[in-house]
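First, one chain by itself: the form predicted alone, in structure tokens.
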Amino acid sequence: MADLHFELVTPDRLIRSEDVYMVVVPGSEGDFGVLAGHAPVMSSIREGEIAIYRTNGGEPERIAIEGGFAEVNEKGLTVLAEKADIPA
């Protein structure tokens, strides 16, 4: 069930805005997964990959990112990345 609203934003543009099952974010103090209903949190992010799971148990889409912040609130997860390398 896809019910977490996820947005990935860079200084240039909005990369993703969609409902997904789960996202794993490379936080500055370690990776963390976000599902719908996650407690509010803010974290800086390190260079790494975001893993976007559209379904439970499905294969994730991976997007390389560099720096920025992640915020989880009642509306979902927003990742503000300094740079994102979108696969072709």
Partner chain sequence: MTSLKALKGRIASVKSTQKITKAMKMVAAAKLRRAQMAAEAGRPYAERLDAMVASLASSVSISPQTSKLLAGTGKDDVHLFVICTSDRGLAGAFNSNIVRAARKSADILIAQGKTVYFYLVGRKGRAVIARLYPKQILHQFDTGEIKQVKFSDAQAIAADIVERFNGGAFDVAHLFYARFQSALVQEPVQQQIIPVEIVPAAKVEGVSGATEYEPDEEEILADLLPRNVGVQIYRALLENAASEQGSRMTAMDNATRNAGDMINRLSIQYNRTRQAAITTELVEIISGAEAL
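This one's a predicted model, so the numbers in the text were calculated from it and none came from an experiment. Positions refer to the first chain, counted from 1.
What comes next is about the form predicted in complex with the partner chain, which is not displayed.
*Asks:* Using 4.5 Å between non-hydrogen atoms, is residue 24 touching the partner chain in the predicted complex?
*Replies:* Judged by the heavy-atom cut-off of 4.5 Å, residue 24 is well away from the partner chain in the predicted complex.
*Asks:* Check residue 84 for me: does it contact the partner chain in the predicted complex (non-hydrogen atoms, 4.5 angstroms)?
*Replies:* Outside the cut-off, so no.
*Asks:* Should residue 33 be counted as a contact of the partner chain in the predicted complex, where contact means heavy atoms within 4.5 Å?
*Replies:* No, no contact at 4.5 Å.
*Asks:* Heavy atom to heavy atom, is residue 9 within 4.5 Å of the partner chain in the predicted complex?
*Replies:* Because a heavy atom of residue 9 falls inside 4.5 Å of the partner chain in the predicted complex, the answer is yes.
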